[in-house]
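The data below hold one chain only, encoded as structure tokens and taken in the form predicted alone.
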């Protein structure tokens, strides 16, 4: 296996060296004769139980697991489709476009409901809502907002308490943040009013849910908007300071997806991993210690779940993206 890792570093060294990974871990290096290279936006501690369950079943396969942002995964896959075997991302729209543009391998051996896959090439394996997460101390003695409109009212009522203490994604850099923002904007004009209020309070902008949650725990911010509920739930178990709010006005739920590169060097092993992933997350044989939520019910029935369909790529059009980012910047960044 050390030989395989060395070859990987030589052949794909410029990708690995040039990239500032959030994390990189190797699983089952001692026993493996083949290695799967996975690039993912999912934090290693959340995804590791699924990898460990896979290598327990397939002891001849090792996993090289790289963690980076959703937008960066899209860029890496387009620039060097041979560098990785599998891409896992919470940015459904970017994953769908990668698939639509021919970067994903069709897997006829993976049985999955129609609503949870696209052209047998892109496979959803979790259902995860976007949440408002608060530091409860900031709302001591005050009503806790349960809708976006109530959050607007809470922020307007005490601007000095929340100035510099509200956080959300920088959608110019975060693929998931952009997905959530565009879906929110399609659902209601309340989204834009909320963005303007956040902008007036000198909102803090983040790359990812984990960093927002860190700052909530330390008290640097009091409110985080559109945080992944699954990430917040893991931290809230040990941090009594946090409260998770799933907005009751219009919930937004994304499905985390996986695809196999069309240029993978190990298609059989990659397909086995996808089979394992969708099977485990269907609930039939879930890894006991995995904190990631199950896939859930049929998306076609649940209007809160973003559907895997061509309309998802609407805001990836260059002109529409430029217009959306211009409006978002005007609302959030108020000099």
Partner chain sequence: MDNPTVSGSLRYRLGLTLIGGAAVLAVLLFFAVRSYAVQVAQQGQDNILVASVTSMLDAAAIRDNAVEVDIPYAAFSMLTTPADDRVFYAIFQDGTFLSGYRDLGYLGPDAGLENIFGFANVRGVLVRQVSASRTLIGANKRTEVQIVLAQTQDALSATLDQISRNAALLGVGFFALAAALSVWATAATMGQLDRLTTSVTRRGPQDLRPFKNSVPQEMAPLVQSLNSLMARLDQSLSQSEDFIAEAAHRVRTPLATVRSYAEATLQRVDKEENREAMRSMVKAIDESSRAAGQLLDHAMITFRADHLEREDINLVELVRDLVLRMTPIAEMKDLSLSVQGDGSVPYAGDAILLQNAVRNLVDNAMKYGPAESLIDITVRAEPHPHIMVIDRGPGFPSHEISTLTLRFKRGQNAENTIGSGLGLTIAKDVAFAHGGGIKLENTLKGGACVTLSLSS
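Positions refer to the first chain, counted from 1. All of these numbers come straight from a predicted model, not from anything done at the bench.
Just so you know, the form predicted together with its partner chain exists too; it's not on screen, but the next bit is about it.
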| query | finding |
| --- | --- |
| Its partner chain contact at residue 99 in the predicted complex, heavy atom, 4.5 Å | yes |
| Distance check, residue 119 to its partner chain in the predicted complex, heavy atom within 4.5 Å | yes |
| Distance check, residue 320 to its partner chain in the predicted complex, heavy atom within 4.5 Å | yes |
| Touches its partner chain in the predicted complex: residue 136 (any heavy atom, 4.5 Å) | no |
| Proximity to its partner chain in the predicted complex, single hit among 190, 183, 264, 230 (heavy atom within 4.5 Å) | 183 |
| In the predicted complex, the residue from 196, 114, 211, 243 that sits within 4.5 Å of its partner chain by heavy atoms | 114 |
| Location of its partner chain contact in the predicted complex, chosen stretch of 250 to 258, 79 to 87, 101 to 109, 166 to 174 [non-hydrogen atom, 4.5 Å] | 101 to 109 |
